[in-house]
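Just one chain follows, in the form predicted alone, and it is written as structure tokens.
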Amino acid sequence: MKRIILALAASSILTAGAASAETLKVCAEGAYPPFSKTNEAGDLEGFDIDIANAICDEIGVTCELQATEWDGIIPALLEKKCDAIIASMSITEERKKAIDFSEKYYNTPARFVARSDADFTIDEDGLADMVVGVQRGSVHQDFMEKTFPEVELQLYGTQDEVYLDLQSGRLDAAIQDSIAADDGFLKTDAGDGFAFIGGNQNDPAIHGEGAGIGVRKEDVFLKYALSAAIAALRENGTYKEINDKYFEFDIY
């Protein structure tokens, strides 16, 4: 029954969803590799971008991708500057107060990164007097404020800014999505001399159930159409093709 409902929702998107008959405007960040980044030509690319385009193909619309700063991405959706957010946004109860989400399209844990020779532990005592960097408005900020309220927290507009201050020594550690840290920093020249510290960090009440596609609450048909498209990509092998382009294991 659920499959039938989702299929009907997908077929209704052109008349009842937020999208026009031809275009779905998608807000993406463009500063969160390997999920999204802006290349030298000024175009968006990455896992989120490929998923967005595949979803649009599945529901029969053209993706109009818009690079949007993280701090303004939910306001942009609410102000109808875009129809959906595909930007590795975690599905959380706090965000559900303002917007709604599709089903998840991936789910990976958070981890700390520090210099390879760091000798502190990831607990209340080990992080005492440490300075930790996070992207502002992220679930990682919420996690730190709840779990380690005594830590000196530095907030940044983008993850790249976090890494710059980590390299310069202004930060003792950073916390972010583990895949983003590995592929977007540790495996690059900039990440030489740095490593994960501590294990996976996961508080379901904060980190939620994974990354989903954000939509306005009133766009119910669009929400179900996007969920149906994600399920279809998983079933027809397209998701695996995109996943394997960036990762060595299934991040779903």
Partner chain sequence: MRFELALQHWEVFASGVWMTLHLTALCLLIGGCIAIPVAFAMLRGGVSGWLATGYVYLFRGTPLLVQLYLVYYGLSQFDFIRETWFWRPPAYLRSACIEDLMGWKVCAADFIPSLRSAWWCALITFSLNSGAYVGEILRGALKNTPKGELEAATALGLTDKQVRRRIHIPSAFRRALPQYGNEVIFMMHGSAIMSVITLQDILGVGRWLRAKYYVPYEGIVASAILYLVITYLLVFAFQLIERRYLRHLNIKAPGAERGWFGRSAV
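Residue numbers count along the first chain shown, from 1. The shown structure was predicted, so the numbers you read here are calculated from the model rather than taken from an experiment.
A second form of this protein, the form predicted in complex with its partner chain, is not displayed here; the remarks below concern that form.
Undergrad: Hey, with its partner chain in the model of the complex, do Glu103, Gly199 and Ile251 all fall inside the 4.5 Å heavy atom range?
TA: Result no, not one residue of the spot touches its partner chain.
Undergrad: Evaluate Thr147 for contact with its partner chain in the model of the complex, applying a 4.5 angstroms cut-off between non-hydrogen atoms, and reply yes or no.
TA: No, Thr147 sits far enough from its partner chain in the model of the complex that none of its heavy atoms falls within 4.5 Å.
Undergrad: Answer yes if any heavy atom of Glu69 is within 4.5 Å of a heavy atom of its partner chain in the model of the complex; otherwise answer no.
TA: Yes, Glu69 lies within 4.5 Å of its partner chain in the model of the complex.
Undergrad: Indicate whether its partner chain has at least one heavy atom within 4.5 Å of a heavy atom of Ala128 in the model of the complex.
TA: Heavy-atom contact with its partner chain at 4.5 Å: absent for Ala128.
Undergrad: Does at least one non-hydrogen atom of Gln167 fall within 4.5 angstroms of its partner chain in the model of the complex?
TA: Gln167 belongs to the contact set for its partner chain.
Undergrad: Of the listed stretches (117-125, 151-159, 103-111, 174-182), which one has a non-hydrogen atom within 4.5 Å of its partner chain in the model of the complex?
TA: Partner-contacting stretch among the options: 151-159.
Undergrad: For the stretch 129-143, I need every residue with any heavy atom inside 4.5 Å of its partner chain in the model of the complex, listed N to C.
TA: Residues within 4.5 Å: Arg136, Gly137, Gln141, Asp142.
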